[in-house]
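Starting off, we have a lone chain in the form predicted alone, written out as structure tokens.
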Amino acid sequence: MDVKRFVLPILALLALALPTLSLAEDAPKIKLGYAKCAHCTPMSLTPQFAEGVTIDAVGFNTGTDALTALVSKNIDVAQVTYLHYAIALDKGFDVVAISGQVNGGSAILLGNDLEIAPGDWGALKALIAKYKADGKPFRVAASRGNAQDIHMRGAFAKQGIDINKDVQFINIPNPSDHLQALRRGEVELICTVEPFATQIMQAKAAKFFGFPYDQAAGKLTNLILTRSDVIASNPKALEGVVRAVVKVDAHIAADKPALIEVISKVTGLDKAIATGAVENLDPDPKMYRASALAIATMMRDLKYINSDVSAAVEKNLDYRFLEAATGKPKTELGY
């Protein structure tokens, strides 16, 4: 047998493959953390969209867990919310925002026995006034300090409803408990997050009233953070991470079944719920400076943070990675 006839082609193929393998091994590595919520699960796709960087994507139960891992230097990049960003700056942590990810995901739901049409704020205000006149508390719930809490409070204020005087606020820390609170009749209104909002409506435990996006914070939800030491030591890798986030956003924006698939895969949710939830999710890598400042102001007014972090919120929005990933100036990226 002519051994050379068989071995030489194999060696030639290995010679072609080895440089690629070597380059992959040499690529800088970034450990990225994300929360296992409907908004956040597309972050699990970043490794397959990464070029020039190896991303190790790790799922955390909450954004707070991801933030804790970031500031304790157990990961390099974290997907959190704009509220986490303001809280981290208020605590003096070294965090820098480098990209957005997904916005939306909030919904206001009403108890089934309330005869109010979707979006009829006039009727809602009249009902709240009647409860007040009758000496009954009109109970509204959210998970204190999350994006839906901020969205709801802003929307109520925009409509002239004083959440401290006109209604009784009920804090339900875990959004997964919102469904049972409505079923037990413990609240009249709730502002919750996807996919729980869709789950509640599909279970017919409440009905849709509206989206709480008509306020200064808009529909902002998720943000990608890193630390200044990672920027100093690994800027090209961060550029690769942001490029991957931009590609993932484009992918799920163009292919809703792909978004439904990843939500079901990471969260274990029924596909019918995931299908409803994606209608209220807006893939968007931009960082919105003015709305971020509005959120920081609202959080201080609500005493969710202790200091004025406006200057730090603006200073620590670093657009250079988004500009490199998109080829657009920051004036077109939310600045």
Partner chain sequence: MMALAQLRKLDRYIVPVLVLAGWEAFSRSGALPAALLPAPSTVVWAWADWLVGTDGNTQTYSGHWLADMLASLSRVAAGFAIATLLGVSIGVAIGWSRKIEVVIEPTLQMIRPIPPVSWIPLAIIWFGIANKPAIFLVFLGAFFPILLNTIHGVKTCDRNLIRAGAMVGGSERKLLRYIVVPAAMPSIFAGLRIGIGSAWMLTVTAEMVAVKSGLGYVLWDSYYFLRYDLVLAAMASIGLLGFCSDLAIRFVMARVLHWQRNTTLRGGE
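Numbering follows the first chain given and starts at 1. The structure presented is a predicted model; accordingly, all values stated were derived computationally and were not measured.
Below, we refer to the form predicted together with its partner chain, which is not included among the displayed structures.
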Would you kindly say which of Asp214, Glu186, Asp166, Glu261 lies with a heavy atom within 4.5 Å of its partner chain in the predicted bound form?
Glu186
Partner-free chain; cross-checking its partner chain in the predicted bound form, the single residue of Gly111, Gly218, Gly154, Gly145 with a heavy atom within 4.5 Å is Gly145
All three of Gln48, Ala50 and Arg243 touching its partner chain in the predicted bound form at 4.5 Å, heavy atom to heavy atom?
no
Residues in which of 167-175, 97-105, 243-251, 196-204 have heavy atoms within 4.5 Å of its partner chain in the predicted bound form?
167-175
Closest heavy atom of Ile305 to its partner chain in the predicted bound form, within 4.5 Å or not?
yes
Counting only non-hydrogen atoms and a 4.5 angstroms cut-off, does Thr68 reach its partner chain in the predicted bound form?
yes
Taking the shortest heavy atom distance, is Cys191 within 4.5 Å of its partner chain in the predicted bound form?
no
Non-hydrogen atom contact Ser310 with its partner chain in the predicted bound form at 4.5 angstroms:
no
Between 68-92 and its partner chain in the predicted bound form, list the residues on our side with a heavy atom within 4.5 Å.
Thr68, Val71, Ser72, His84, Ile87, Ala88, Lys91
